[in-house]
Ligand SMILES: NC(=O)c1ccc[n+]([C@@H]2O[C@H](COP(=O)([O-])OP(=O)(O)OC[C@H]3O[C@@H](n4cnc5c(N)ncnc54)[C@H](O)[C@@H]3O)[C@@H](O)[C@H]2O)c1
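Below, in structure tokens: the form predicted alone, a single chain.
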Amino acid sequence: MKENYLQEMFTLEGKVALVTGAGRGIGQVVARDLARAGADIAIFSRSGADETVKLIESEGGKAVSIIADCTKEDAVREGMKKILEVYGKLDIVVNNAGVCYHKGIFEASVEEFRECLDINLTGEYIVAREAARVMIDLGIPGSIINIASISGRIVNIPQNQAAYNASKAGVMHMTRSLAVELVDHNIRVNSISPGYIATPMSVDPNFVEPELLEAWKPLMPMHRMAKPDELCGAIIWLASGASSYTNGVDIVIDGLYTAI
């Protein structure tokens, strides 16, 4: 067997990856693991991601935090310019920034509905579009990975969250649409749909009602939430040359949650 075969197949050495919303949670773990796979990291965050940068640099990686609101076109364009100033190119995007409200139709305001769509869907569209411009201009065969959710496929219970579910369903179909639109530019666009992931947003009582946590447990065939790093294998695969013929696909990572 050829030595280092798997390393050559999955390596991200020499690649530059942008991860949005990587100041904490899933984004922070993804950024760190992409760096471990060899990529240089750029982070878009509304409040900065200095802690994530320090984690990556402590392990010998390279990272830069860029203040950018992904829902604002001008901010994203300026962020792309900064990436080019620091690294000179962009190969990979992980569109991770998101928000969720556990509110029903009579509780959620129209402003909250619009915010969910704006951050979860419009923000991913803007980042994907501006990243594609950079990749096309530089002739880079890029990989754009959008974070969708099982909530784009099912209606979660017992919580009401129509705004979030609608936004993630939009992400899935937008992913397929962009994959077809960008294929002739050698840019692949895929998504992953996580189930319940153990992050502060989903386990901290300050973010999630304890009764919801108890209600979710018996619905999980694997009897636990996923750890954020259990998403990273699929993301690294989609970012690497190993997935060169995978395009317009949504990968469900939910521990069987939607299988029954």
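Predicted, not measured: the structure shown is a model, and the values here were computed from it. Start at 1 with the first residue shown and count on from there.
Another form exists, predicted together with the named molecule; not displayed. Remarks below refer to it.
Asker: Using heavy atoms only and a 4.5 Å cut-off, decide whether all three of V16, R77 and V93 touch the named molecule in the model of the complex.
Answerer: The answer is no: none of the three residues contacts the partner (heavy atom, 4.5 Å cut-off).
Asker: If contact means a heavy atom within 4.5 Å, which one of 106-114, 68-76, 180-188, 136-144 is the stretch that engages the named molecule in the model of the complex?
Answerer: Of the options given, it is 68-76.
Asker: Of the options I56, A39, A42, I26, which one has a non-hydrogen atom that comes within 4.5 Å of the named molecule in the model of the complex?
Answerer: Partner contact (heavy atom, 4.5 Å) among the options: I26.
Asker: Even though the partner isn't displayed, in the model of the complex is I119 close enough to the named molecule, meaning a heavy atom within 4.5 Å?
Answerer: Within the cut-off, so yes.
Asker: Spell out, yes or no, whether the shortest heavy atom distance between A97 and the named molecule in the model of the complex is within 4.5 Å.
Answerer: Answer yes; at least one heavy atom of A97 falls within 4.5 Å of the named molecule in the model of the complex.
Asker: Could you confirm whether K62 comes within 4.5 Å of the named molecule in the model of the complex, counting heavy atoms only?
Answerer: No, no contact at 4.5 Å.
Asker: Is I197 part of the interface with the named molecule in the model of the complex - any heavy atom within 4.5 Å?
Answerer: Yes, I197 lies within 4.5 Å of the named molecule in the model of the complex.
Asker: Does anything in 156-182 come within 4.5 Å of the named molecule in the model of the complex by heavy atoms, and if so which residues, in order?
Answerer: Heavy-atom contacts to the named molecule in the model of the complex: Y164, K168.
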